[in-house]
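What follows is a pair of forms of the same protein chain, given separately as C-alpha coordinates and numbered structure 1 and structure 2.
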Structure 1
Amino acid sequence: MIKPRIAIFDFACCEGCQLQIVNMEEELLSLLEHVQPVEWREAMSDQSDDYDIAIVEGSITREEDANRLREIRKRAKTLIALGACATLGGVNKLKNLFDLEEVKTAVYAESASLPILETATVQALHEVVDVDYRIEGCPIDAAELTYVIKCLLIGRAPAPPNYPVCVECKLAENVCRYDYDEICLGPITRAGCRARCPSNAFWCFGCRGPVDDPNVHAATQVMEQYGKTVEDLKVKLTLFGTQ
(Lines of atoms letter the chains of each structure in order from A and count residues from 1; the text may use other names and numbers.)
(Lines give C-alpha, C1' and ligand atoms only; values in the text may rest on other atoms or scores of the structure.)
Protein backbone atom coordinates (compact mmCIF):
# COMPACT_ATOMS: atom_id res chain seq x y z
CA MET A 1 0.00 0.00 0.00
CA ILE A 2 1.28 3.48 -0.81
CA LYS A 3 1.42 5.56 2.31
CA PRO A 4 -0.69 8.70 2.09
CA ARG A 5 1.36 11.88 2.38
CA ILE A 6 0.23 13.97 5.29
CA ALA A 7 0.97 17.60 6.01
CA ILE A 8 0.07 19.38 9.21
CA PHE A 9 -0.48 23.13 9.26
CA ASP A 10 -1.52 25.62 11.88
CA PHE A 11 -3.12 29.04 12.07
CA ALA A 12 -4.17 31.07 15.12
CA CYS A 13 -4.33 28.56 17.94
CA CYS A 14 -2.43 27.24 20.92
CA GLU A 15 -1.05 24.24 19.00
CA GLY A 16 -2.53 22.04 21.68
CA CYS A 17 -4.26 19.86 19.12
CA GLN A 18 -1.01 19.12 17.30
CA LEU A 19 0.39 18.37 20.70
CA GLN A 20 -2.22 15.63 21.03
CA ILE A 21 -0.65 13.99 17.99
CA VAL A 22 2.71 14.01 19.79
CA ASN A 23 0.89 12.84 22.90
CA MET A 24 -0.11 9.65 21.15
CA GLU A 25 3.38 8.63 22.36
CA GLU A 26 4.15 5.03 21.37
CA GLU A 27 1.04 4.94 19.18
CA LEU A 28 2.46 7.73 17.08
CA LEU A 29 5.23 5.41 15.98
CA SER A 30 2.56 2.95 14.79
CA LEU A 31 0.77 5.70 12.92
CA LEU A 32 4.00 6.63 11.19
CA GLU A 33 4.16 3.14 9.71
CA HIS A 34 1.06 3.91 7.66
CA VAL A 35 1.39 7.55 6.70
CA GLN A 36 4.23 9.65 5.46
CA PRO A 37 4.43 13.04 7.13
CA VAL A 38 5.85 15.49 4.61
CA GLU A 39 5.42 18.75 6.46
CA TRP A 40 4.85 19.45 10.13
CA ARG A 41 6.51 22.65 11.19
CA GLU A 42 6.12 22.10 14.89
CA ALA A 43 8.00 18.78 14.76
CA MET A 44 9.91 18.58 11.50
CA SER A 45 12.17 20.68 9.29
CA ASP A 46 10.90 19.12 6.06
CA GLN A 47 8.54 21.12 3.87
CA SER A 48 6.49 20.01 0.93
CA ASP A 49 3.81 21.18 -1.46
CA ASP A 50 2.83 17.67 -2.38
CA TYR A 51 0.48 15.96 0.02
CA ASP A 52 -2.72 13.92 0.04
CA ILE A 53 -4.11 14.82 3.41
CA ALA A 54 -3.80 18.25 5.01
CA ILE A 55 -4.55 18.45 8.71
CA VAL A 56 -5.14 22.04 9.61
CA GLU A 57 -5.27 23.48 13.09
CA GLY A 58 -6.27 26.99 14.11
CA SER A 59 -8.65 29.67 12.99
CA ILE A 60 -8.35 32.32 10.33
CA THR A 61 -7.81 35.81 11.67
CA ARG A 62 -6.12 37.65 8.80
CA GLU A 63 -6.52 37.85 5.05
CA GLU A 64 -3.00 36.48 4.48
CA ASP A 65 -3.97 33.40 6.48
CA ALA A 66 -7.12 32.93 4.42
CA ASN A 67 -4.99 32.97 1.27
CA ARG A 68 -2.56 30.47 2.66
CA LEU A 69 -5.47 28.20 3.61
CA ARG A 70 -6.88 28.44 0.07
CA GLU A 71 -3.48 27.32 -1.25
CA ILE A 72 -3.50 24.35 1.10
CA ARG A 73 -7.02 23.46 0.02
CA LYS A 74 -5.95 23.50 -3.63
CA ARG A 75 -3.15 21.05 -2.98
CA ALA A 76 -4.82 18.65 -0.57
CA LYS A 77 -7.11 15.86 -1.72
CA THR A 78 -8.52 15.68 1.78
CA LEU A 79 -8.62 18.54 4.24
CA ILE A 80 -9.23 17.83 7.90
CA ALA A 81 -10.03 20.61 10.35
CA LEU A 82 -8.28 19.81 13.60
CA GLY A 83 -9.75 21.07 16.83
CA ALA A 84 -12.18 23.75 17.94
CA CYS A 85 -10.20 26.71 16.55
CA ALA A 86 -10.40 25.13 13.09
CA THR A 87 -13.91 23.70 13.28
CA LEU A 88 -15.70 26.47 15.19
CA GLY A 89 -13.30 29.35 15.63
CA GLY A 90 -12.74 28.33 19.22
CA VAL A 91 -11.81 30.80 21.95
CA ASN A 92 -10.43 33.07 19.24
CA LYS A 93 -13.99 33.93 18.31
CA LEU A 94 -14.44 35.70 21.63
CA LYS A 95 -12.71 38.53 19.84
CA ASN A 96 -15.68 38.81 17.47
CA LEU A 97 -17.82 39.82 20.42
CA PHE A 98 -15.92 43.10 20.60
CA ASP A 99 -15.20 45.95 18.21
CA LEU A 100 -11.97 45.06 16.42
CA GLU A 101 -10.30 48.44 16.85
CA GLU A 102 -11.21 48.49 20.49
CA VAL A 103 -9.71 45.04 20.98
CA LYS A 104 -6.42 46.19 19.53
CA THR A 105 -6.23 49.28 21.71
CA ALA A 106 -7.13 47.27 24.77
CA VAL A 107 -4.08 45.10 24.28
CA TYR A 108 -1.58 47.26 22.46
CA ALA A 109 -2.61 50.77 23.51
CA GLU A 110 -0.83 53.39 21.42
CA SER A 111 0.83 50.78 19.20
CA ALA A 112 -2.52 49.45 18.06
CA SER A 113 -2.32 51.08 14.63
CA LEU A 114 0.78 49.14 13.56
CA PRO A 115 0.11 47.26 10.33
CA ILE A 116 1.33 44.00 11.81
CA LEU A 117 -1.62 44.09 14.14
CA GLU A 118 -4.01 43.94 11.27
CA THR A 119 -6.64 41.50 12.34
CA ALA A 120 -9.98 40.49 10.95
CA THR A 121 -13.14 38.82 12.12
CA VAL A 122 -12.22 35.31 13.24
CA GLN A 123 -13.40 32.50 10.99
CA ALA A 124 -13.44 28.76 11.26
CA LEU A 125 -11.89 26.93 8.31
CA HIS A 126 -15.20 25.94 6.74
CA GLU A 127 -16.11 29.60 6.56
CA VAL A 128 -13.21 30.07 4.14
CA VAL A 129 -12.79 26.77 2.27
CA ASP A 130 -14.51 23.39 1.99
CA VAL A 131 -13.58 21.09 4.83
CA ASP A 132 -13.85 17.32 4.32
CA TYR A 133 -13.70 16.12 7.89
CA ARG A 134 -13.83 17.83 11.24
CA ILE A 135 -12.19 16.63 14.39
CA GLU A 136 -13.86 18.58 17.14
CA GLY A 137 -12.65 19.47 20.56
CA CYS A 138 -10.40 21.79 22.49
CA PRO A 139 -8.12 19.99 22.48
CA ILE A 140 -8.98 17.08 20.21
CA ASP A 141 -9.09 13.60 21.61
CA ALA A 142 -6.33 11.68 19.85
CA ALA A 143 -8.62 8.64 19.67
CA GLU A 144 -10.84 10.56 17.28
CA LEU A 145 -7.94 11.52 15.07
CA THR A 146 -6.78 7.92 14.88
CA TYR A 147 -10.35 6.86 14.11
CA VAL A 148 -10.52 9.29 11.20
CA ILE A 149 -7.09 8.34 9.90
CA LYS A 150 -7.86 4.64 10.12
CA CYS A 151 -11.14 5.20 8.30
CA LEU A 152 -9.32 7.06 5.53
CA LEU A 153 -6.72 4.32 5.31
CA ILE A 154 -9.37 1.69 4.61
CA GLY A 155 -11.64 3.93 2.58
CA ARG A 156 -14.48 4.31 5.00
CA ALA A 157 -16.25 7.61 5.63
CA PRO A 158 -15.65 8.72 9.22
CA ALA A 159 -18.97 9.31 10.95
CA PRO A 160 -18.76 11.77 13.83
CA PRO A 161 -21.42 11.28 16.48
CA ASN A 162 -24.58 13.26 16.01
CA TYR A 163 -25.79 12.88 19.55
CA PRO A 164 -25.10 15.00 22.60
CA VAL A 165 -22.41 14.65 25.25
CA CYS A 166 -25.03 13.41 27.74
CA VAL A 167 -24.88 10.05 25.96
CA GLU A 168 -21.23 9.52 26.77
CA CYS A 169 -21.72 11.13 30.16
CA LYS A 170 -24.29 8.48 30.99
CA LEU A 171 -22.10 5.69 29.68
CA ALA A 172 -19.35 6.97 31.99
CA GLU A 173 -21.81 6.85 34.88
CA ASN A 174 -21.34 10.45 35.94
CA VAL A 175 -23.49 12.50 38.24
CA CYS A 176 -25.14 15.19 36.13
CA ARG A 177 -23.76 18.71 36.67
CA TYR A 178 -27.30 20.07 36.80
CA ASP A 179 -27.64 18.18 40.08
CA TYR A 180 -25.02 20.63 41.38
CA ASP A 181 -26.78 23.70 40.10
CA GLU A 182 -24.30 24.18 37.27
CA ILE A 183 -25.06 24.96 33.64
CA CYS A 184 -23.74 22.16 31.48
CA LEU A 185 -23.78 22.43 27.69
CA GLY A 186 -23.75 18.65 27.35
CA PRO A 187 -27.37 18.27 26.16
CA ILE A 188 -26.75 20.29 22.99
CA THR A 189 -23.05 19.65 22.38
CA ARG A 190 -21.82 17.01 19.97
CA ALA A 191 -20.37 13.96 21.69
CA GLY A 192 -17.10 12.26 20.84
CA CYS A 193 -15.00 13.42 23.78
CA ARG A 194 -16.19 10.58 26.00
CA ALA A 195 -17.67 13.30 28.22
CA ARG A 196 -14.25 14.40 29.39
CA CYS A 197 -15.33 17.40 31.39
CA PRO A 198 -18.36 16.01 33.24
CA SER A 199 -16.28 12.90 33.92
CA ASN A 200 -13.88 15.22 35.71
CA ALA A 201 -16.72 16.84 37.64
CA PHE A 202 -16.77 19.97 35.51
CA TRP A 203 -19.51 21.24 33.22
CA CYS A 204 -19.33 20.77 29.47
CA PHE A 205 -18.40 24.12 27.94
CA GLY A 206 -19.30 23.14 24.42
CA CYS A 207 -15.86 22.98 22.81
CA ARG A 208 -17.17 20.51 20.23
CA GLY A 209 -19.96 22.70 18.93
CA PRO A 210 -23.65 21.83 18.77
CA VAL A 211 -25.23 18.64 17.44
CA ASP A 212 -26.92 18.96 14.02
CA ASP A 213 -30.31 19.83 15.41
CA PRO A 214 -29.92 21.09 18.97
CA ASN A 215 -33.19 21.63 20.79
CA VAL A 216 -32.63 25.30 21.55
CA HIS A 217 -36.21 25.69 22.66
CA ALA A 218 -35.70 23.02 25.30
CA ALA A 219 -32.40 24.52 26.36
CA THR A 220 -33.96 27.89 27.06
CA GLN A 221 -37.00 26.42 28.83
CA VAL A 222 -34.83 24.19 30.96
CA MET A 223 -32.77 27.19 32.12
CA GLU A 224 -35.90 28.52 33.76
CA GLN A 225 -36.54 25.23 35.52
CA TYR A 226 -33.11 25.55 37.11
CA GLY A 227 -33.51 29.19 38.01
CA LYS A 228 -31.07 30.38 35.34
CA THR A 229 -31.53 32.69 32.42
CA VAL A 230 -31.06 32.36 28.69
CA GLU A 231 -28.30 34.96 29.08
CA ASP A 232 -26.40 32.63 31.40
CA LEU A 233 -26.63 29.97 28.74
CA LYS A 234 -25.51 32.27 25.93
CA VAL A 235 -22.44 33.43 27.81
CA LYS A 236 -21.37 29.82 28.14
CA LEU A 237 -22.15 29.08 24.49
CA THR A 238 -19.92 31.84 23.18
CA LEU A 239 -16.86 30.48 24.97
CA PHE A 240 -15.83 28.23 22.13
CA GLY A 241 -17.28 30.03 19.20
CA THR A 242 -20.89 28.86 19.11
CA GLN A 243 -22.95 32.00 18.64
Structure 2
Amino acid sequence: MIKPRIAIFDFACCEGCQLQIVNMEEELLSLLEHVQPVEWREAMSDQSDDYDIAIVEGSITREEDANRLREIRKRAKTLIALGACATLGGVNKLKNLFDLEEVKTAVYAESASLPILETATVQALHEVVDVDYRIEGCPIDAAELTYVIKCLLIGRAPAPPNYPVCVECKLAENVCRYDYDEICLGPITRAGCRARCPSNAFWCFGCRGPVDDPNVHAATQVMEQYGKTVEDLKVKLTLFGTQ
Protein backbone atom coordinates (compact mmCIF):
# COMPACT_ATOMS: atom_id res chain seq x y z
CA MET A 1 0.00 0.00 0.00
CA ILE A 2 1.28 3.46 -0.92
CA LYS A 3 1.13 5.69 2.12
CA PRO A 4 -0.18 9.27 1.71
CA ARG A 5 2.68 11.73 2.02
CA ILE A 6 2.12 14.38 4.68
CA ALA A 7 3.95 17.67 5.13
CA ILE A 8 3.48 19.90 8.16
CA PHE A 9 4.20 23.61 7.85
CA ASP A 10 4.02 26.55 10.24
CA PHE A 11 3.61 30.29 9.92
CA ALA A 12 3.02 32.86 12.71
CA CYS A 13 2.22 30.81 15.81
CA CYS A 14 3.68 29.32 18.97
CA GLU A 15 3.78 25.82 17.41
CA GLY A 16 1.79 24.50 20.35
CA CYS A 17 -0.55 22.58 18.03
CA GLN A 18 2.38 20.72 16.50
CA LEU A 19 3.58 19.95 20.00
CA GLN A 20 0.22 18.30 20.60
CA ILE A 21 1.02 15.96 17.71
CA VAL A 22 4.36 15.04 19.27
CA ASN A 23 2.56 14.43 22.57
CA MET A 24 0.43 11.73 20.91
CA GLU A 25 3.37 9.36 21.54
CA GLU A 26 2.23 5.74 20.94
CA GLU A 27 -0.88 6.89 19.08
CA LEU A 28 1.37 8.84 16.74
CA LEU A 29 3.47 5.74 16.07
CA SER A 30 0.28 3.87 15.19
CA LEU A 31 -0.79 6.65 12.82
CA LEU A 32 2.64 6.63 11.14
CA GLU A 33 2.01 3.06 10.05
CA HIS A 34 -0.48 4.50 7.55
CA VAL A 35 1.06 7.82 6.49
CA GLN A 36 4.53 9.02 5.52
CA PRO A 37 5.73 12.37 6.87
CA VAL A 38 8.02 14.04 4.34
CA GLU A 39 8.45 17.45 5.98
CA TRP A 40 7.91 18.59 9.55
CA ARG A 41 10.39 21.16 10.80
CA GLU A 42 9.58 20.59 14.47
CA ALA A 43 10.31 16.87 14.34
CA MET A 44 12.54 16.08 11.34
CA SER A 45 15.16 17.67 9.08
CA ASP A 46 13.85 16.29 5.76
CA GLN A 47 12.16 18.63 3.30
CA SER A 48 10.04 17.84 0.26
CA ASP A 49 7.91 19.52 -2.39
CA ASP A 50 6.12 16.23 -3.05
CA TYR A 51 3.22 15.62 -0.66
CA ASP A 52 -0.45 14.69 -0.76
CA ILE A 53 -1.65 16.33 2.45
CA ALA A 54 -0.41 19.63 3.82
CA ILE A 55 -1.14 20.37 7.47
CA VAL A 56 -0.56 24.05 8.14
CA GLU A 57 -0.34 25.78 11.51
CA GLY A 58 -0.18 29.53 12.05
CA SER A 59 -1.63 32.74 10.66
CA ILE A 60 -0.44 34.77 7.70
CA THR A 61 1.20 38.04 8.72
CA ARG A 62 3.36 38.99 5.72
CA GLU A 63 2.89 39.00 1.95
CA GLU A 64 5.84 36.62 1.52
CA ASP A 65 4.04 34.19 3.83
CA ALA A 66 0.89 34.47 1.73
CA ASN A 67 2.91 33.62 -1.38
CA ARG A 68 4.51 30.64 0.35
CA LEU A 69 1.08 29.39 1.44
CA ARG A 70 -0.18 29.65 -2.15
CA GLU A 71 2.70 27.45 -3.28
CA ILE A 72 1.89 24.90 -0.60
CA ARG A 73 -1.74 24.93 -1.72
CA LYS A 74 -0.72 24.30 -5.34
CA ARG A 75 1.24 21.19 -4.40
CA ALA A 76 -1.20 19.71 -1.88
CA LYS A 77 -4.17 17.58 -2.86
CA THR A 78 -5.61 18.31 0.58
CA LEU A 79 -4.87 21.24 2.87
CA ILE A 80 -5.76 21.12 6.57
CA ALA A 81 -5.73 24.24 8.75
CA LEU A 82 -4.32 23.27 12.15
CA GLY A 83 -5.36 25.21 15.24
CA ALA A 84 -6.90 28.58 15.99
CA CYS A 85 -4.13 30.66 14.38
CA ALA A 86 -4.69 28.86 11.08
CA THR A 87 -8.49 28.60 11.24
CA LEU A 88 -9.35 31.98 12.79
CA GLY A 89 -6.18 34.06 12.74
CA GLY A 90 -5.87 33.38 16.46
CA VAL A 91 -4.48 35.73 19.07
CA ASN A 92 -2.24 37.18 16.35
CA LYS A 93 -5.28 38.96 14.89
CA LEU A 94 -5.31 41.32 17.84
CA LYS A 95 -2.64 43.16 15.88
CA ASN A 96 -5.33 44.17 13.38
CA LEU A 97 -6.86 46.45 16.02
CA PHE A 98 -3.83 48.76 15.83
CA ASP A 99 -1.93 50.79 13.28
CA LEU A 100 0.68 48.47 11.79
CA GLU A 101 3.48 51.02 11.96
CA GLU A 102 2.74 51.60 15.65
CA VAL A 103 2.85 47.85 16.23
CA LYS A 104 6.23 47.53 14.51
CA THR A 105 7.67 50.39 16.52
CA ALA A 106 6.33 48.98 19.79
CA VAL A 107 7.91 45.59 19.09
CA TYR A 108 11.14 46.45 17.28
CA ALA A 109 11.82 50.04 18.37
CA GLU A 110 14.59 51.61 16.24
CA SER A 111 14.82 48.46 14.10
CA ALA A 112 11.20 48.76 12.92
CA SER A 113 12.18 50.18 9.52
CA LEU A 114 14.33 47.19 8.53
CA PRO A 115 12.94 45.41 5.39
CA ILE A 116 13.17 42.00 7.06
CA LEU A 117 10.64 43.17 9.65
CA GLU A 118 7.82 43.94 7.23
CA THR A 119 4.35 43.09 8.50
CA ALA A 120 0.78 43.10 7.20
CA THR A 121 -2.78 42.59 8.34
CA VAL A 122 -3.14 39.14 9.93
CA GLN A 123 -5.18 36.58 7.98
CA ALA A 124 -6.41 33.07 8.64
CA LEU A 125 -5.48 30.51 5.97
CA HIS A 126 -8.92 30.48 4.33
CA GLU A 127 -8.62 34.21 3.74
CA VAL A 128 -5.66 33.51 1.43
CA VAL A 129 -6.29 30.05 -0.09
CA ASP A 130 -8.96 27.36 -0.18
CA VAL A 131 -8.86 25.16 2.93
CA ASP A 132 -10.26 21.64 2.74
CA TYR A 133 -10.54 20.83 6.44
CA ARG A 134 -10.14 22.68 9.71
CA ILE A 135 -8.95 21.38 13.07
CA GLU A 136 -9.98 24.00 15.59
CA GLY A 137 -8.63 24.92 18.99
CA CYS A 138 -5.78 26.54 20.89
CA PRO A 139 -4.20 24.11 21.11
CA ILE A 140 -5.88 21.41 19.03
CA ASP A 141 -7.31 18.24 20.49
CA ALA A 142 -4.99 15.46 19.27
CA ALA A 143 -7.91 13.03 19.07
CA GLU A 144 -9.56 15.29 16.50
CA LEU A 145 -6.44 15.29 14.34
CA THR A 146 -6.37 11.49 14.45
CA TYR A 147 -10.05 11.40 13.51
CA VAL A 148 -9.54 13.71 10.51
CA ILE A 149 -6.52 11.76 9.21
CA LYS A 150 -8.33 8.44 9.58
CA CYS A 151 -11.34 9.81 7.70
CA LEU A 152 -9.10 10.91 4.83
CA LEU A 153 -7.40 7.50 4.75
CA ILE A 154 -10.74 5.73 4.22
CA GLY A 155 -12.06 8.35 1.80
CA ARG A 156 -14.68 9.83 4.12
CA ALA A 157 -15.18 13.53 4.77
CA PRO A 158 -14.65 14.43 8.44
CA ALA A 159 -17.76 15.71 10.23
CA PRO A 160 -16.67 18.03 13.06
CA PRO A 161 -19.17 18.88 15.81
CA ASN A 162 -21.57 21.68 14.96
CA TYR A 163 -23.12 22.22 18.36
CA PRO A 164 -21.95 24.47 21.21
CA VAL A 165 -19.46 23.68 23.95
CA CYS A 166 -22.37 23.92 26.43
CA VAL A 167 -23.51 20.47 25.27
CA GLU A 168 -20.18 18.91 26.24
CA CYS A 169 -20.10 20.94 29.45
CA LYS A 170 -23.46 19.53 30.54
CA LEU A 171 -22.35 16.01 29.65
CA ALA A 172 -19.34 16.55 31.92
CA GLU A 173 -21.73 17.73 34.67
CA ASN A 174 -19.81 20.98 35.09
CA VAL A 175 -21.22 23.88 37.06
CA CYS A 176 -21.96 26.67 34.57
CA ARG A 177 -19.24 29.32 34.59
CA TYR A 178 -21.96 31.99 34.66
CA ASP A 179 -22.77 30.72 38.16
CA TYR A 180 -19.26 31.94 39.05
CA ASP A 181 -20.13 35.39 37.68
CA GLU A 182 -17.97 34.85 34.59
CA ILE A 183 -18.61 35.48 30.91
CA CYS A 184 -18.32 32.15 29.08
CA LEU A 185 -18.39 31.77 25.30
CA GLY A 186 -19.58 28.17 25.50
CA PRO A 187 -23.10 28.94 24.21
CA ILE A 188 -21.80 30.12 20.83
CA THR A 189 -18.49 28.23 20.44
CA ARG A 190 -18.10 25.03 18.42
CA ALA A 191 -17.70 21.91 20.55
CA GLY A 192 -15.11 19.19 20.04
CA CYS A 193 -12.73 19.92 22.92
CA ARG A 194 -14.78 18.02 25.52
CA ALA A 195 -15.30 21.34 27.32
CA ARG A 196 -11.61 21.41 28.24
CA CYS A 197 -11.56 24.88 29.82
CA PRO A 198 -14.80 24.76 31.86
CA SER A 199 -13.83 21.27 33.04
CA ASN A 200 -10.64 22.83 34.43
CA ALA A 201 -12.27 25.83 36.13
CA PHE A 202 -11.94 28.34 33.27
CA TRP A 203 -14.53 30.00 31.09
CA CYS A 204 -14.60 29.09 27.38
CA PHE A 205 -12.31 31.40 25.40
CA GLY A 206 -13.95 30.69 22.04
CA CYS A 207 -10.76 29.29 20.49
CA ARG A 208 -12.71 26.80 18.35
CA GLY A 209 -14.67 29.53 16.62
CA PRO A 210 -18.43 29.93 16.42
CA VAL A 211 -20.87 27.16 15.56
CA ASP A 212 -22.36 27.62 12.08
CA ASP A 213 -25.78 28.59 13.42
CA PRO A 214 -25.32 29.86 16.99
CA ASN A 215 -28.44 30.00 19.15
CA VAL A 216 -28.26 33.74 19.70
CA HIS A 217 -31.64 33.78 21.42
CA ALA A 218 -30.55 31.22 24.03
CA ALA A 219 -27.22 32.99 24.52
CA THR A 220 -29.06 36.29 25.05
CA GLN A 221 -31.33 34.67 27.62
CA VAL A 222 -28.31 33.36 29.52
CA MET A 223 -26.70 36.80 29.51
CA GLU A 224 -29.88 38.45 30.76
CA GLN A 225 -30.38 35.80 33.44
CA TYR A 226 -26.96 36.53 34.90
CA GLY A 227 -27.07 40.30 34.47
CA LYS A 228 -24.52 40.46 31.66
CA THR A 229 -24.63 42.60 28.51
CA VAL A 230 -23.80 42.12 24.86
CA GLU A 231 -20.89 44.51 25.34
CA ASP A 232 -19.52 42.20 28.04
CA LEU A 233 -19.67 39.36 25.53
CA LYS A 234 -17.98 41.38 22.79
CA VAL A 235 -14.98 42.05 25.03
CA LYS A 236 -14.46 38.29 25.47
CA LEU A 237 -14.93 37.67 21.75
CA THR A 238 -12.01 39.95 20.94
CA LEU A 239 -9.38 37.36 21.92
CA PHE A 240 -10.21 34.85 19.16
CA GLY A 241 -12.87 36.77 17.24
CA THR A 242 -10.98 39.80 15.94
CA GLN A 243 -11.35 40.34 12.20
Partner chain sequence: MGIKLVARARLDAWVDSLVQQQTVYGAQAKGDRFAFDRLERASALRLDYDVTILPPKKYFQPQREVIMRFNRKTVEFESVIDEEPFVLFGVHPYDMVAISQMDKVFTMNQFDKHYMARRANATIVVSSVETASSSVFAACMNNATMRGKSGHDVLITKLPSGHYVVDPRTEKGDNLCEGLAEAPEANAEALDAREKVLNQNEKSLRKYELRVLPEDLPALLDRSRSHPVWQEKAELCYSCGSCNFVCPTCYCFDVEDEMGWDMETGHRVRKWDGCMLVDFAAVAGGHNFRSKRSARYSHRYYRKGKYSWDTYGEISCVGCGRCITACTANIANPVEIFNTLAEAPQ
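Throughout, residue numbering runs from 1 along the sequence of structure 1. Note that this is a predicted model, so its numbers are computed, not measured. We call the rigid core the largest set of C-alpha positions that still match within 1.5 Å between the two forms.
Is structure 1 or structure 2 the form predicted alone? That would be structure 2.
Can we say the CA of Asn23 moves by at least 2 Å between structures 1 and 2 when the core is superposed? Comparing the forms between structures 1 and 2, which are aligned on their rigid core, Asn23 does not shift its C-alpha by 2 Å or more.
How much does the C-alpha of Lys228 move between structures 1 and 2, in Å, when the core is lined up? Taking the core as reference, the C-alpha of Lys228 is shifted 2.7 Å.
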